[in-house]
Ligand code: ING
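First, one chain by itself: the form predicted on its own, in structure tokens.
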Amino acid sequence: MNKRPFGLAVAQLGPIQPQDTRAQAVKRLLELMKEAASRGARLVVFPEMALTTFFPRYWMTEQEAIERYFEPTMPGPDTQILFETARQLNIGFYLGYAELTQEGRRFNTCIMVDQQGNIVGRYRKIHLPGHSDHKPAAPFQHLEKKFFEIGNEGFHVWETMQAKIGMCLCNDRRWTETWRVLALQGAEIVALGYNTPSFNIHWDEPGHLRMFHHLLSLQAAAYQNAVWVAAAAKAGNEDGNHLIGGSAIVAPSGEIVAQAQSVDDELIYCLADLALGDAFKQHIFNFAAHRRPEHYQLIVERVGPGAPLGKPPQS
């Protein structure tokens, strides 16, 4: 099988503090973009909410959040240079940010920008975690359900930069439906940005499981859907609140081929062979030959468990 090399980079960001400006964040993104281009990357993946601190940890009004943290245009005054530099360096990028639409709607969003600096795809986060009510007893809040609407555009794959690329965000990675819907559209690469707290405010989850389940989700999804996964973290201590790192590139074999070693700004790179995914799609996860969607109806009929759980065998 002929190889199809694709230079793939993931740009992890260390913490962005509440007092840091967008211009400061963009300067850091530019340095990582330049490093990615120097290593031969065709695409660099930046984290979720890569322009600001992870603001859903704070209780505030929606209007306060809009004024401080949301982007009414993309590109905007501070982010235009990312698009110009991408065009100059001939590199595409994925970028996560808080989107304010012209109609005043709010989404946790990421975009795909091609090597000519054009926005070719947009995804609005569907699996929003957390809560919308104030939890004053918690050490911090996780208010994505307060500040964002559920994404309204679905999961899509774009044929760009000589690859078929899908996008998702953070909590989406934990849901198998995310990956299968993208794989059914022929995804070869799935780009993912995330901001994952090291502590779960909702239950006494052992700390080591945060990283374990993160990597487990990426590896299982990559293997079961025969895709390359490029996952970029925002990591480290933001205003005393720690975010996991673990930025990684995972092959369709389920193997981690590159992983960040820090919780600071760090670039990882892999010359990914897209033909490896083709081999797994042909010989193991051949959907056309082996899937039986007529038996999967519960996946779309039910949100959660409910009776009846099964039917008696036919006599």
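All values derive from a computational prediction rather than experimental measurement. Each residue number is its position in the shown sequence, starting from 1.
What follows is about the form predicted together with ligand ING, which we do not show.
K.L.:
Taking 4.5 Å between heavy atoms as the contact cutoff, choose which of 122, 164, 131, 210 touches ligand ING in the predicted bound form.
P.N.:
Looking at the other structure, the residue within range turns out to be 210.
K.L.:
Can you pick the one in 98, 170, 189, 143 that has a heavy atom within 4.5 Å of ligand ING in the predicted bound form?
P.N.:
By the 4.5 Å criterion, the partner-contacting residue is 170.
K.L.:
At 4.5 Å between heavy atoms, only one of the stretches 270 to 278, 249 to 257, 48 to 56, 22 to 30 reaches ligand ING in the predicted bound form; which one is it?
P.N.:
This holds for exactly one stretch, 48 to 56.
K.L.:
Should residue 151 be classed as touching ligand ING in the predicted bound form when contacts are defined as heavy atoms within 4.5 Å?
P.N.:
The answer is no: residue 151 has no heavy atom within 4.5 Å of ligand ING.
K.L.:
Contact with ligand ING in the predicted bound form for residue 196, defined as at least one heavy atom pair within 4.5 Å: yes or no?
P.N.:
Contact with ligand ING, yes.
K.L.:
Taking any heavy atom pair closer than or equal to 4.5 Å as contact, tell me whether residue 174 reaches ligand ING in the predicted bound form.
P.N.:
Contact check for residue 174: yes, within 4.5 Å of ligand ING in the predicted bound form.
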